[in-house]
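Listed next as structure tokens is one chain, alone, in the form predicted alone.
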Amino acid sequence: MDLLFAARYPFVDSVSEIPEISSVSAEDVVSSPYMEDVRRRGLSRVMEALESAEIGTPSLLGKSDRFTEIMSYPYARILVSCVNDRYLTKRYALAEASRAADYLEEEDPKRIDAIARTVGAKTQIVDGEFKMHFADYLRLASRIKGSEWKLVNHDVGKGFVTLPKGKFVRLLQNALQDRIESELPLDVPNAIANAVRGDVDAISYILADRKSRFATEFTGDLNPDHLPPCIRALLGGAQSGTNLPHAGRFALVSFLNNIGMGSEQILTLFSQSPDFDESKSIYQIKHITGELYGREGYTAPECKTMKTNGICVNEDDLCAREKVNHPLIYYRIKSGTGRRD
């Protein structure tokens, strides 16, 4: 494996077999004066991920540049592990995966196929055609917004979905994000953790500041027990930092707005998402609530639509009643503001 490929994709397992890399210990990375550039770049990776969910792609012309880029990846993972915050971990995984996807857009099919095998996706790349097993496709495409990602809009043959290169890479990004996130936090020895304490404190300070900007709480009478199972699941996902699908976000925002929650309070929920962008999120929320154009907001989808979109989950006895065909009807019955027959 050449150093340029390793610098672009430092998560590939075989990177550790490169002689220049295998001879470096964790102790060297965190304490050697010759690794100052590595530590600086590693801290930058985490800070950029935290602040913008993106990691820049520096010049990799020289051998030293490539070495620094490769070794900064394990250092960044040490820092994220020491902070050990769910939001930071998810946001960091997203940023690393997005960075790799930027490189993959320009790669030849053979190297893209190598990355696909690394992240465990069952794929085929034959004569310039990119194919992914439908099970992997469904798993990885489920959280991408847009009707163009529905399986019915693609050619499927012998269990594989044929995709344009751009879509194929986008799905690999999701697979890589899942892999990076699943590997964190690392079990960091105390000596290593103590050596990186300064950088960890710097990250923790920025993280706390970011979270404090979205610390408002819903002050109404929202009782989770009154929420229908589908909305309860979506709300739990938003609060835990899960990337909700577009249909799920729309359903949750419209429902919460319908029962009286304001845009700023809804924004707080989505601030925990790893791909959270404040300006984009508030625009989308205000579009759904009607504030953007000074009109009435959208009504939450009915149960039939929730089922079609695959976000009707954990149905209970109340859901099964014939007249309970909308999440708002469920809520009104549970909260005592609607009929119970």
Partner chain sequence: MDRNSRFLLKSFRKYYLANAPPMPPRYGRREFGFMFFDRDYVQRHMGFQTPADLRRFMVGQVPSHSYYSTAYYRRPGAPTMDEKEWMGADLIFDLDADHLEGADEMTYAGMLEEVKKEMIRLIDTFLLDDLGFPEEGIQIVFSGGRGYHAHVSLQSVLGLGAQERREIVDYVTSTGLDVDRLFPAVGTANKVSDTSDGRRASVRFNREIPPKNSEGWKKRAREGFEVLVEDVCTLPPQELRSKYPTLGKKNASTVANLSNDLRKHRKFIMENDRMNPMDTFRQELLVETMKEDVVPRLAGEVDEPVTADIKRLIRLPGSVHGRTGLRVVPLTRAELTGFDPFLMAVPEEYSDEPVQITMRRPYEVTLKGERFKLNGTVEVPEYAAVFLVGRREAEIGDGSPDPGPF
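What you are looking at is a predicted structure, and each value in this text was computed from that prediction instead of being measured. Positions refer to the first chain, counted from 1.
One more form of this protein exists, namely the form predicted together with its partner chain; it is left out here, but the text below deals with it.
Under a 4.5 angstroms non-hydrogen atom cutoff, its partner chain in the predicted bound form lacks residue 201 among its neighbouring residues. Contact check for residue 159: a non-hydrogen atom falls within 4.5 Å of its partner chain in the predicted bound form. Using a 4.5 angstroms limit between non-hydrogen atoms, residue 310 touches its partner chain in the predicted bound form. Using a 4.5 Å cutoff between non-hydrogen atoms, residue 150 counts as a contact of its partner chain in the predicted bound form.
Residue 134 is the only one of 73, 250, 103, 134 with a heavy atom lying within 4.5 Å of its partner chain in the predicted bound form. With the partner omitted from this view, the residue of 223, 142, 239, 84 that lies near its partner chain in the predicted bound form is 142 [heavy atom within 4.5 Å]. Stretch 151 to 159 is the contacting one of 94 to 102, 172 to 180, 151 to 159, 227 to 235, since its residues have non-hydrogen atoms within 4.5 Å of its partner chain in the predicted bound form.
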